[in-house]
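Quick setup: one chain, the form predicted on its own, written in structure tokens, and binding and motion questions come after.
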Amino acid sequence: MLSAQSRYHEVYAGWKSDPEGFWAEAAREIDWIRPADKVFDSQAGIYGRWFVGAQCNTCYNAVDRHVATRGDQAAIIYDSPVTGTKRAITYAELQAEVATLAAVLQDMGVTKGDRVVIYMPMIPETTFAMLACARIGAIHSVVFGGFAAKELATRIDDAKPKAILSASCGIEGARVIPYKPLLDEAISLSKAKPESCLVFQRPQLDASLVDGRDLDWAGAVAQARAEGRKADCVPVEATDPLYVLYTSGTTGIPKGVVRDNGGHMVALKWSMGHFFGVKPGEVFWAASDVGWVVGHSYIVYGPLLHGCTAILYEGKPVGTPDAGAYWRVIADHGIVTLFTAPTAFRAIKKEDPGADLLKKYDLSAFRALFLAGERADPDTVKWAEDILGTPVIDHWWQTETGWPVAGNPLGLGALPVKHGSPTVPMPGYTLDVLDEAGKSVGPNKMGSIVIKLPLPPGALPTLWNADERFRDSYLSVYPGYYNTSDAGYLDQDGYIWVMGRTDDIINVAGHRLSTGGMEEVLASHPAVAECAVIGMKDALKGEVPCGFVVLKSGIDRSPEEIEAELVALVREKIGPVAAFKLAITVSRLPKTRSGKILRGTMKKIADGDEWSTPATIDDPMILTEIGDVLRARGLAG
């Protein structure tokens, strides 16, 4: 629970006074094949490198070292309401599965340093694939199963994989999504052709295999198992890449975020106990997808490095079968901590505003909810606090950082909550807020949030084969700092307030206003389930805000009446300076598969600018609805 006696300030000050000593101590939690020559080498890499000279193996630390002490404990619990399947895999079973699959990869010619693209659904074999790559020193790159062929092709061309691991299909709600045709098209579009593909056939769909290129997963694994072949853990440098994870780039070319082996393990292991407050042997659930960084860090690597039981969930927060899905999973498996996106809880709140479904389940083991991935509006946080009776911890980080930049460290004794703020920076991160000239703006003033270099262990050292692009994208705007591209402010207590992406700060008649602040007001209305505010072009004011709202289920008042109340509410809470005159009711908001609202695309539609359907969108038809609604009001250009 929340504690006035938090150790946070003492721990953070200890890191600041001796960063290398702090991370050297944290590194004792990892089994090293060879210790580091230097904890931090400021002359290596672009801004320095962590644990230079050390050798290690991430798969050994996540799997093998636990077998002697917790071999019979579940390492992964697969829970799939869309297929009606549950499966517990112990650490001993996980070691056998991963070692055998790693031997199959070696048979396919994959060796240390080779890239392997993983294009798979949320099934245990996907985690086996990631760990098998780590076991033999191959670099994995997970791409969402079901990702469009053209987007997959760009990632294949950038990573140049020796092999691709895939499955016949994924399941989204009630829909079966064939993967193999998308994979075949992507390979035909790409210049870099993989030597082979390993395909897992799911019972829901049988995929056709290409002679001479494609191998049947089950058959290859069965043969290796029958022959007793298992791959040993291959030593790698701490600074060698563990994986490349692609994130959207402003040029349309994806950016391959590189994650190293050594610093990644140290940071994630530290975060599990000190930040999330979870103990080895406990059940931890990150309700995300392994296609996102959250899935890498906190479905697979973090929990396993810490000796926890990780949940692998193939389902949705609502609709599989209802808005009580999360409560059922927590109760069934004795989960102590859930980490998910705020949008999941907004969806649950929309469908079951009174949390009536929660009453069916025993959540007595449950201790805390962590929210990240987008801004956690205070209304949703308060609703979750009220229904759960546990701490609800907002925290903030990015694909690039790999683990939390700022949050409320439950493992150190949580600090007082300020709704709307993800609280304070974690050890390793010095935050500042700068103006356009690169000067600190002082407390409670809006600006660009930056992180002082060097970045801590676990953060990206560079982009895949793109050092100059890394410098240009992150380090050139504010020399000496990593530019987060997020906007916000630090308050007088050192709490960070992340109000949105830098391009979500709109300029209304010379006033810089946060769309996040307006969204906070809209979300406080009792009829609103979720919302998004964008800045639309305006000939007079430059930009004017437009709010899109989704109403809660069971609201029997007219949308027009509620929209008028919302306009008045923003005028009351923020003032006339916001020039907020337009609230529009829609059935849904366009989102990525991780739940991030596509505000940039909505703005382009509203402004009449050229736009394309983002590759990560969950349902493209929502964009058509947004355009239709705007045109009906005479707004879309």
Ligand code: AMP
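Numbers follow the displayed sequence, beginning with 1. The model shown is predicted, which means the values in this text are computed figures rather than measured ones.
Although it is not shown, the form predicted in complex with the ligand is what the next lines describe.
Of the listed positions (Cys233, Val498, Leu304, Ala323), a single one reaches within 4.5 angstroms of the ligand by any non-hydrogen atom in the predicted bound form, namely Val498. Interface residue among Glu374, Glu530, Glu125, Asp158 relative to the ligand in the predicted bound form, by the heavy atom within 4.5 Å criterion: Glu374. Of the candidate stretches 472 to 480, 188 to 196, 387 to 395, 518 to 526, only 387 to 395 has residues whose heavy atoms lie within 4.5 Å of the ligand in the predicted bound form. At a distance of at most 4.5 angstroms from the ligand in the predicted bound form, none of the three residues Thr83, Ile311 and Asp332 contributes a non-hydrogen atom. Within 4.5 Å of some heavy atom of the ligand in the predicted bound form lies at least one heavy atom of Thr399. Among heavy atoms of Val293, some come within 4.5 Å of the ligand in the predicted bound form. Contact check for Thr247: a non-hydrogen atom falls within 4.5 Å of the ligand in the predicted bound form. Taking non-hydrogen atoms only, Asp486 approaches the ligand to within 4.5 angstroms in the predicted bound form. Although the ligand is not shown here, in the predicted bound form the stretch 544 to 578 places no heavy atom of any residue within 4.5 Å of it. Relative to the displayed conformation, the Cα-Cα distance from Glu543 to Gly438 grows by 3 Å or more in the predicted bound form. Pairwise change in the predicted bound form: Thr484 and Glu543 C-alpha atoms lie closer than in the shown form, at least 3 Å.
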